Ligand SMILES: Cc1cc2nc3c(=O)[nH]c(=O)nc-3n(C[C@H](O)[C@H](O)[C@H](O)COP(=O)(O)OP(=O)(O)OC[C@H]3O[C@@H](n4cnc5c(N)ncnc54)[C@H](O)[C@@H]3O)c2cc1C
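For reference, the chain that follows is the form predicted on its own, supplied as structure tokens.
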């Protein structure tokens, strides 16, 4: 049986960058990913500038990729009324298909044992320094396990996590739909367009592509018999911007990518001895545009704490306590603000009123943006 210092379950931005940082420090890391790189993920592909230096430190030569800088924000209400605002410091656009693949190549180059097509079935805690991870490929062991597997996994059900049991309405049971499109829009703007029970973001990524991704309730889709196209025509098209975009932009996909059962309830940052990272630890609402930066910032925090644990400077309890404290210190306000904003956006009447009210008060928009973004790391 192979033995590692750390096993990371899930090869998204958090898991990949954590594996790279730990491998650079000489630790033996296994990264288990259920897909095969490169692959697409349902998410908006705006990354806040706070992550720029960290990604370069992870070996991604961002300046050489000539990516679009997103420095303006446009938000519309369902009735078509809109505001435009400068984003400071803004972000940049790159597809997950490209970025995850580049990070996976870097991780392999550094000696990370990256196992693809690997579905984790269970994790057994032998003691606080010894774990077995069972997958469809093999069973491997490590001193510690990190869960970085995204919004929802069968492992969450296995662990009987509280948010899986949470039936509260308003924060769970969303769906996400994503397209890559050819569009005639400025390169430097990210747009958010509201509709009944949802919102759609669109922004430039690499080459001549734009990411167009929207979030709505599962109920919206159910009312249209699971037909995405009918739902778009009946609900999204009521926003004049979205009607124009969906009827004029050419999609690079034959069918849109979709994900279901998205849940914004509170989560814990550790469960049954597993340390949680990224969306597995807490999911920010997509309209805040900062989930990817949060995942990478948490990976950086963990990459600085884990060596202390590996070198016996702190025990497992201290490691967990330090991580949870720093996680909450960095992200609690963002998640709280995201949930509050989520309660307004997608509500037709409230969004129409809000956009009209804040249009002459740009300082309020600045405040909302600052609540969901952090400093460069």
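Predicted, not measured: the structure shown is a model, and the values here were computed from it. Residue numbers count along the first chain shown, from 1.
Just so it is clear, the following notes concern the form predicted in complex with the named molecule, a form of the same protein that is not shown.
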property: Triple contact flag 41, 96 and 295 to the named molecule in the model of the complex, non-hydrogen atom at 4.5 angstroms; result: yes
property: Interface stretch in the model of the complex with the named molecule - options 72-80, 221-229, 242-250, 116-124, non-hydrogen atom within 4.5 Å; result: 116-124
property: Heavy atom of residue 259 within 4.5 Å of the named molecule in the model of the complex; result: yes
property: Touches the named molecule in the model of the complex: residue 32 (any heavy atom, 4.5 Å); result: yes
property: Interface membership of residue 279, the named molecule in the model of the complex, 4.5 Å heavy atom rule; result: yes
property: Contact label in the model of the complex: residue 205 to the named molecule, heavy atom within 4.5 Å; result: no
property: Heavy atom within 4.5 Å of the named molecule in the model of the complex - the one residue of 303, 217, 272, 153 that qualifies; result: 153
property: The single option of 104, 213, 112, 236 touching the named molecule in the model of the complex, heavy atom within 4.5 Å; result: 213
property: Contacts with the named molecule in the model of the complex - residues in 7-40 whose heavy atoms fall within 4.5 Å; result: 9, 10, 11, 12, 13, 14, 15, 32, 33, 34, 35, 39
